[in-house]
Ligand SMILES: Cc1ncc(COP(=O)(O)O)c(C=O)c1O
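Okay, here we've got a single chain as structure tokens, the form predicted on its own, with questions on binding and movement later.
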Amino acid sequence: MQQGVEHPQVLSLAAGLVDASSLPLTETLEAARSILSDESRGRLALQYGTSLGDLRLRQQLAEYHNRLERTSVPMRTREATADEFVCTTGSQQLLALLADTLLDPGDICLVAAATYFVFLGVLDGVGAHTIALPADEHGLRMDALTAELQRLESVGELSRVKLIYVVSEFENPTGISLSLDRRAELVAIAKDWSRRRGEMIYVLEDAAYRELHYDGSMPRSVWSCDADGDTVIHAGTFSKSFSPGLRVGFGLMPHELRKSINDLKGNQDFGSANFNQHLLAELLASGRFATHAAEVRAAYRLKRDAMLSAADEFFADLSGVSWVHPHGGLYVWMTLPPHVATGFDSPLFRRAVDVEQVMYVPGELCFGGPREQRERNHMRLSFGVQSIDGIREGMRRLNRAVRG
């Protein structure tokens, strides 16, 4: 973001923002009018809320989540209830609250390589030790997870493991989703090793991009694989599928953890923005959210296709260059030959920004663990903000930068 501010003339394939033209002005205005035209509802929405969040919204969230699960593959019948939800200021607040609640300095969080770099910063902020594990085209590798837990047990550090973090759908930055078979296996591994260490190892499922699926069927959530309801924390947000300006996110979590999170949250904010929660509850209840989300998916599908087409056009003939073909989300993950560094201080980044006037996110930001061990030859490319023409032009400029 700093690079974008300092170079406003540069065409950005970096910003993980939503397309401004997709923002729901009409839908939000209609929902606000519906609330404010009723004196009692309007005054209630403009008053303080609660730390847990507006009850009507939590009820709507439960209904919405259950509908997604009923239409997932395979269909699941486990039902969420309003009492299991906490409403937050975007999902980012929930990630920070969970880190503060679960992790002391020196505790361990296991993540995929690569993963959401902002959460890596949250983990650093609480003094946690991040261990990045190998992933492939199906997401975090379960054999690598098991092997690392065995290693930590052998060196007497299993007690420090508190959290396993996964972005289940269309991961930021790679666009990869955790495969269906690995979701159940992940929960089983966490439960097994929790028993072995005598204390819970939670799985944090970050589902920020769940609604932005463009191909195939939506898989069941990792949360749905947790029949006991004691292991998985499901983090969601409406920032990508509706509006980041509303800053409405939520957590679906085990009861005992929900109380701890709510206590900490209450000390910080007395409750997230109450009016925004009433707005979203109205949008969900009226069906306006579902209609808008479908329109957003259709628009982003075209942009995804445009970026993949441009990658084929401009990069297919370059040896050692490859990219993920995501089925949803906002990003394409491109890999260059191992000797080509992409970081902020690399010749490639300077050439891209200063000469070709195009920007990307260096992949090394997305790897946890020691800096010297991070892979340095990846780029995260976003198709969220640019127009279709802008996407092709950005990829053309990036091609020139890579060719040198």
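Position 1 is the first residue in the sequence shown; the rest follow in order. Source: prediction; values computed, not measured.
There is also a form predicted in complex with the named molecule; it is not shown, and the following applies to it.
Peer 1: Given that the named molecule is left out here, which of 332, 167, 280, 253 has a heavy atom within 4.5 Å of it in the predicted complex?
Peer 2: Contact with the named molecule in the predicted complex is made by 167 alone.
Peer 1: Which of these residues, 87, 208, 111, 203, gets a heavy atom within 4.5 Å of the named molecule in the predicted complex?
Peer 2: By the 4.5 Å criterion, the partner-contacting residue is 208.
Peer 1: Can you say which of 90-98, 256-264, 313-321, 300-308 gets within 4.5 Å of the named molecule in the predicted complex, counting heavy atoms only?
Peer 2: Result for this chain: 90-98.
Peer 1: Classify residue 197 as contacting or not contacting the named molecule in the predicted complex by the rule of any non-hydrogen atom within 4.5 angstroms, answering yes or no.
Peer 2: Residue 197: no contact with the named molecule in the predicted complex.
Peer 1: Residue 183: heavy atom within 4.5 Å of the named molecule in the predicted complex?
Peer 2: Looking in the predicted complex, residue contacts with the named molecule do not include residue 183, since no heavy atom lies within 4.5 Å.
Peer 1: Does the named molecule get within 4.5 angstroms of any non-hydrogen atom of residue 272 in the predicted complex?
Peer 2: Answer no; every heavy atom of residue 272 is more than 4.5 Å from the named molecule in the predicted complex.
Peer 1: Taking the named molecule as it sits in the predicted complex, is residue 129 in contact with it (heavy atom to heavy atom, 4.5 Å or less)?
Peer 2: Residue 129: no, not in contact with the named molecule in the predicted complex.
Peer 1: If we check the named molecule in the predicted complex, which of the residues in 228-267 reach within 4.5 angstroms of it by a non-hydrogen atom?
Peer 2: Residues within 4.5 Å: 237, 239, 240, 247.
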